[in-house]
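Here we start with a single chain on its own, the form predicted on its own, put down as structure tokens.
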């Protein structure tokens, strides 16, 4: 198995929850264990941007997401925002990789300052202090100088800043194609196999072989 076997996936209150839900589905299909964290603002955005109705309580949400993604029992574990005994809250228990998608600029700021006011912020703080993989996917436009300074600070600390900026060179035919572009880039960063987006140059190499 390439890439991490366990991933902490956090969704916060920025537009673009489709990226987080699609990544969750991909991680499940690749047989990864997912520690799922979601803010109240993100739950509101899910209700606004999709037809998915997430239960409010962690246990009920875990059961819903398990059925929604076709995960095996226990593959998805949902933790509440103040569950300080959850594995992501400690360097001795946290998965080796964490993705915050979408990452609100408020969450970006909190992570950059080490606020640790909730489990999402604490889990990201753990990833930074343990020098583990942390991928942040902001979705905002335009970025203020404050946002950019926070991103630079986090990048210098080892985090990967991967804006939700889909490309068009693959000639997308649907919104799902645009979502898959960003999710594929996240999976590439994690080192997890994906077939949604060919790596740059692969088509060119195949064409040359056929000549």
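All of these numbers come straight from a predicted model, not from anything done at the bench. Positions refer to the first chain, counted from 1.
Below, we refer to the form predicted in complex with a small molecule, which is not included among the displayed structures.
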All of 8, 125 and 159 within 4.5 Å of the small molecule in the model of the complex, heavy atom check: no
Residue 187, heavy atom within 4.5 angstroms of the small molecule in the model of the complex: no
Please determine whether residue 41 contacts the small molecule in the model of the complex, using a 4.5 Å cut-off between heavy atoms. yes
Residue-level question: is residue 48 within 4.5 Å of the small molecule in the model of the complex, judged on heavy atoms? yes
Partner proximity in the model of the complex: residue 14 to the small molecule, non-hydrogen atom cutoff 4.5 Å: yes
So which stretch, 172-180, 33-41, 148-156, 61-69, is the one near the small molecule in the model of the complex (non-hydrogen atoms, 4.5 Å)? 33-41
